[in-house]
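We give structure tokens for two forms of one protein chain below, kept apart as structure 1 and structure 2.
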Structure 1
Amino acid sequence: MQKEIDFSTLLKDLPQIISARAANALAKIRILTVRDLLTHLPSRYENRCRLTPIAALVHGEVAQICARVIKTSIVQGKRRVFNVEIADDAGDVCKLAFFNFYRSQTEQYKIGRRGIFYGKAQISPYGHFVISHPETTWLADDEIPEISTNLSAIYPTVKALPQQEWRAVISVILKNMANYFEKNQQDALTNLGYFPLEQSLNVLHSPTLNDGKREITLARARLALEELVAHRLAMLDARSYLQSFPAPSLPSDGAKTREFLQTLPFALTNAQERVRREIAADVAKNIPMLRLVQGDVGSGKTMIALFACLAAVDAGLQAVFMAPTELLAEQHAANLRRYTTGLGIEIVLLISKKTTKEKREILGKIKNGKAQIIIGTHAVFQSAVEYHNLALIVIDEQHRFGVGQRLKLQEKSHQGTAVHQLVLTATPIPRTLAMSNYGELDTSIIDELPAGRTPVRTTVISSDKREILLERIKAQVAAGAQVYWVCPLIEESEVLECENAQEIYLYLQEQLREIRIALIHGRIESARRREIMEEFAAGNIDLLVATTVIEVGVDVPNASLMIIENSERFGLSQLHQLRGRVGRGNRQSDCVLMYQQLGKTARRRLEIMRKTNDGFLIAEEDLNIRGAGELLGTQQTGEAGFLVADLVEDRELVEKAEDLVSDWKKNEENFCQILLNRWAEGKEKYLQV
């Protein structure tokens, strides 16, 4: 007996409904379950609700014809063409043309065979209508064609799966889910006026002529809201799971922290002090802290993280600070050691460039607890690293860690206990994205730059005025400052008319012979890249020509001019991150955005950059322009892979989902579980690594 079909049913387990060939074709585009199939919405719809007589065909318009094959031929010209002549009941004739065809295909078009032919009609140079590669549905001799009253869904093309078969598979699955829909017909969403689930799916996959854009929009909203609610529930479950373990209580005013505050050579900004107190209140509890700190480049996030680390040290426990690159890890280690001079704190740096002997010694200190603050890349969580008493993990979110990965770090604490987690990001995140991708974290914002920081001035100029910049570079270097020149490509591209780093490097060497210039890009071996950045940070290089590898780079306060080649090719958030490489010292700093050709979108981007230094405003604009996938990075590990919801289009639904979850967790517990099963099955296990 066939098991009842639900959203989690695997397509390969439905041989009576879907052929193995179709299941395999769908699997190639990662459609494996009924959920995947039903939420893979059509890209568009076609109106096949009427037949068009051949005499009524219009050039360039799509038509559906009921006719009989009267003649076939294969014409050999520049390429082979299979021609078919068809005639309708009125005796009018039209041609079909196939430029890519197989023998088995030609054999279907037998003289006298009736069918329905669908495609775009075009007038040939000879004056007759031709339809190229029509979609064909064959009819029996005496069969009366059934013309659907529903629009035909068109799905992204999949090899070996014709559109008719795709539609047929979805139709039969929806029919076989009648019991499932019957049991779940009335729910909290239909009570709010949304379409029932079955109606929503039918409208989206097979809308009637009467179902206009409004009905399709409402049906999609039902599914998107379900998915957003389920995702929010899963995030809260992840938070509850992690916070079900006790964490050590860390003092906010221990001896090391008090001494550090007294010796700090500058005052914290009001925003830093506010966030420091929020973190201190979190770690003082026996409940694990899960907090995201957002702050623009240079806002002082590292200093706030150091206070959290000192709280762990004051409790006699260990803290880990994970940086995205070895170079940044080295810089963090140097800065933290400088800040904590005289406090008697053992800070160790664990990176690959250490010798085997050095690594062995560091691992020993971590295991016996002598190392109090451990700094490194993701290597600090490899199996070889054993912690004595880990209490706090600080993660620089340039790693783009997903929820599951963040929770996996829990394994480094003692069994049955949890660690406090602090996530830092220099990329301001719009609220909708923060809710969806960091939903298990509380959020703090450092929205103030340290005193003495002068906002970076931004100008936009055409690339044909490059010579002007040569004089600016000479003046900057003569004044003892340093310069970045960023290019989008390493080598020439025939596709993108971008200046490349190699070419610009050679050009600048020729034009600025008296200036020390270096080149850095992703294809240079990592150890050499590190050496170049160290030389630049030490002031031994005046002008650094680079690709975007410097986006996540070391702090060089002496760099006061950033020139970005082909700035129209970059996203807003990336431009903002690159601009943040300058303006970190006391000098007035400038960012010059060069362009070759400006389209409407590029012009909008550069105008925003020129007008504001507000990272949160820029992130919101970038979300509007590029969408969530590009802004977050579509390959991001752990990214919330929404099937229906769109974090840009559905921003209002994201807010609504959060409100609904707050209510439903108390009053609709059964429906919450249904949604988790429907949308997030497996996600809970994934989150609870």
Structure 2
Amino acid sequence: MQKEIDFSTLLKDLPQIISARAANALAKIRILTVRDLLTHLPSRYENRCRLTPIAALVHGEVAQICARVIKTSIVQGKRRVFNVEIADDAGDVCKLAFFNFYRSQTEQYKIGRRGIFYGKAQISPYGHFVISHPETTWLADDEIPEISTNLSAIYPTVKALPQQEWRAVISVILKNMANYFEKNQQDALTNLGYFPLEQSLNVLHSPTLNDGKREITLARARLALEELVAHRLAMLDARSYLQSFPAPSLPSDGAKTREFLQTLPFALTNAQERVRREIAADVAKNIPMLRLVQGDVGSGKTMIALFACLAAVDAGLQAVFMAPTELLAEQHAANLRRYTTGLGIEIVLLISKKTTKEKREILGKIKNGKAQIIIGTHAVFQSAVEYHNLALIVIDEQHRFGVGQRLKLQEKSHQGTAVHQLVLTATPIPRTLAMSNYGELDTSIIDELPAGRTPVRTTVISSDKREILLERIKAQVAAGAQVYWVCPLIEESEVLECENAQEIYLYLQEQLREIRIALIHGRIESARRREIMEEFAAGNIDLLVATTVIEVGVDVPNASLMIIENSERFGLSQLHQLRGRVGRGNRQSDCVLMYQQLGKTARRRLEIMRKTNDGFLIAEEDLNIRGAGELLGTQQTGEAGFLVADLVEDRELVEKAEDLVSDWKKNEENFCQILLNRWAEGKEKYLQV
């Protein structure tokens, strides 16, 4: 007897009910399990519940005809056309036309053969009805056509299987899951008025004529809720798993920390102080900290992370500070070294472009414990890097590091102890997203900027007016300030008619001869890039023409004018990040958003930028405009890749799921386990990536 089918069953393990050919075709589009298949929801439904007599055809309307082939021909015009004439029982005639066809197809249309033909009827220029490329189901000579009493689902992915086969495969799976459904007839969701699982799936894949929009919405909501709850449960499980290991307790008032506090050139903001304490309380415990610090650009997150690092150093242990790009890693290293001058702390920078000899030396220091704070990109977690006694990981992540990757870092802890984890995000994350994507973390928010900052003024102008900026640049530079000019591309591209950094650089050099201009972008060698950034930070460069390499983290308080070329090509969060490069000192700063062509979405984006400096608001809008995957930058890795739930559309369900979880964890343990098995195959999904 066959093993019971559940959501995790692999399609290729069901040869009796799904052909190897179909399973292979589905595997190509990443549909591997019953779960993948059943959650591949139709994009729309067609009504095939009745037959249309040919005499009753209406131009432009979809019809289903039961008829017999009476004539076929191939017409050689500009294109080859395969024409078929069919006649129904009343003797009325209609044509079928095929523009792309194979012999195997034409051979099926034998004179006298009966079938059901489904497609859109149109009146041809010659005045008769034609259906192009109908969907055909052949009937035996005396077969009574079996007309569906349900609406027919139309699936969005046509490449894998023809529509009929999608429906057939799903229907056979659902039938074979009777046992599974039987056991799950009643659960906490049916108690809340949702359809049982089986009914929900039937409504979605094969609704009856009575199932209207409301039923379909309700059925979908059950699946989305199940998925969201399971996700949340898995995150909580992952969290308790991580916290089941002991972590070293780190002091928040050690010698280095106290010394650092004394040399700090400014007072921490109230928000910084609050978050510093939250972190101090976390790391003092013998369980690993799992904390996310959200704070708008310029709110001073680096400083807070440094306090955490110092706690590790004071305990005689190591801390890793991980940046999303090498440029930022270099800058963090420079900043942390500057902040900690005189404290006698060994900070090493591990980046790919160092020579083999340098790297060997750094790796040696990491291994023997001489290196106390280690800065780098994710390369710091390559297997070649062995830590002496790692206690803390700071991830300055800008959304590029997903849950799975974070959990994997745990492997770098030594001898069964866990590391404390601190995640910093520069772009505030809307609540629903934070809940789903950082669900295993506690959250701290730095909702205050250091005193003396004046909000950046933002203007939007057409790129035709570029010249007026030349005067503004001159004035800024004369006043001792510095300027960024950001372009979306490095080189000229024929595809995108964007201004490119190179060309703008040459143009500005020619126009502004008295001004010191430099060009920086990702293809410039990293040592040279660092030199340029250092020169800019030191005030030896007035105007920096750049691509988005300066997007995150770059910190030059004297820069007060940010010009963004082709700003319509940037996303909201990216624009907010870029704008955050100015307004860091006490000068009034400006941001000029230039555009070439404004579509509707771009116009909306730039308008939002003009109106607000509030990163949380901007993040919400970005979520509305772009969708979750893109905002998190994890579309490829599928971190935000829910099968049914949509973090933008289903925000209410996300909230509801969170409430349900707190209730069910206490009162519905059994159902929680069922949901985990159904959707997440247990916590393994998150722990073994």
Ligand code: ADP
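Just so we're on the same page, rigid core means the largest C-alpha set that superposes within 1.5 Å between forms. Computed from a prediction, not measured in an experiment: that's the story for all the values here. Sequence positions of structure 1, starting at 1, serve as the residue numbers.
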{"item": "Form selected (criterion: the form predicted on its own)", "value": "1"}
{"item": "Did Val75 shift 2 Å or more between structures 1 and 2, C-alpha, core superposed", "value": "no"}
{"item": "Shift of Asn540 between structures 1 and 2 at or above 2 Å (CA, core fit)", "value": "yes"}
{"item": "Core fit, then Arg610 C-alpha moves 2 Å or more between structures 1 and 2", "value": "no"}
{"item": "Rigid core superposed, the C-alpha shift at Arg529 between structures 1 and 2 in Å", "value": "4.9"}
{"item": "Core-fitted comparison between structures 1 and 2 - CA shift at Ala479, Å", "value": "3.3"}
